[in-house]
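Only one chain comes next, encoded as structure tokens, the form predicted on its own.
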């Protein structure tokens, strides 16, 4: 041991003093630097682990939310399709009702116009018959040079009118 000390020129007292100094510095560093640093590092590791765990939970919730969102969109599309189909069905029913009503109104209008035309035609025929009867009467009077009595006149006129029809 002495040869070792003499080879490396070590001083025992200085070595002990350096060891005591090292121990003091080590203890000071341990209690005032390393221990708080280890504590901060440990806390930070826990915080990082906790953050990673929360990130995984958030990611899982996000995936779940995306799945729910897709399901909601799918359901909304199905609901929209049902509503659209119902609206189309109601529109088609309404269209058929309106067409039927229009046809009915057109039929009524045609029938009224036909009746009106028939009435006008009957009135025109009646007027024509009256004028023809009057002309026949006047012609008859001119031919016969005498005025007939009313019953004979009407009888002859009716006979002539029936022949004309």
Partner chain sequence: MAETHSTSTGIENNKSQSEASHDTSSSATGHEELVHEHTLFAEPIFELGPLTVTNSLLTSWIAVCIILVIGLAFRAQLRAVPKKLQNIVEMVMEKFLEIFDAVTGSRKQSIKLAPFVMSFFVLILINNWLGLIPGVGSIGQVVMHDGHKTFIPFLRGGTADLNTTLALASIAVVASHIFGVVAVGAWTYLNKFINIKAIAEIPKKFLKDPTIIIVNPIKAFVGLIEIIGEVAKVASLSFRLFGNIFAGEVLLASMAAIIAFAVPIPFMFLEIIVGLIQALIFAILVLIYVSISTTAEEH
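Keep in mind that this is a model prediction, so the values were computed, not measured. Positions refer to the first chain, counted from 1.
The same protein also has a form predicted together with the partner chain, omitted here; what follows describes it.
**Asked** Which one of 65, 122, 111, 41 is close to the partner chain in the predicted bound form, taking close to mean a heavy atom within 4.5 Å?
**Response** Spelling it out, the residue with a heavy atom inside the cut-off is 41.
**Request:** Have a look at 99, 115, 58, 28 for me and say which one sits with a heavy atom within 4.5 Å of the partner chain in the predicted bound form.
**Result:** Residue within 4.5 Å of the partner: 28.
**Asked** So which stretch, 101 to 109, 49 to 57, 31 to 39, 123 to 131, is the one near the partner chain in the predicted bound form (non-hydrogen atoms, 4.5 Å)?
**Response** Heavy-atom contact with the partner occurs in 31 to 39.
**Request:** State yes or no: in the predicted bound form, is some non-hydrogen atom of residue 11 no more than 4.5 angstroms from a non-hydrogen atom of the partner chain?
**Result:** Judged by the heavy-atom cut-off of 4.5 Å, residue 11 is in contact with the partner chain in the predicted bound form.
**Request:** Check whether residue 158 has any heavy atom within 4.5 Å of a heavy atom of the partner chain in the predicted bound form, and answer yes or no.
**Result:** Residue 158 lies outside the contact set for the partner chain.
**Prompt:** Taking 4.5 angstroms as the cut-off for heavy atoms, does residue 15 touch the partner chain in the predicted bound form?
**Reply:** Yes.
**Message:** Check residue 151 for me: does it contact the partner chain in the predicted bound form (non-hydrogen atoms, 4.5 angstroms)?
**Reply:** Outside the cut-off, so no.
**Message:** Using a 4.5 Å cut-off on any heavy atom, which residues of 66 to 81 would contact the partner chain in the predicted bound form?
**Reply:** Nothing in this stretch is in contact.
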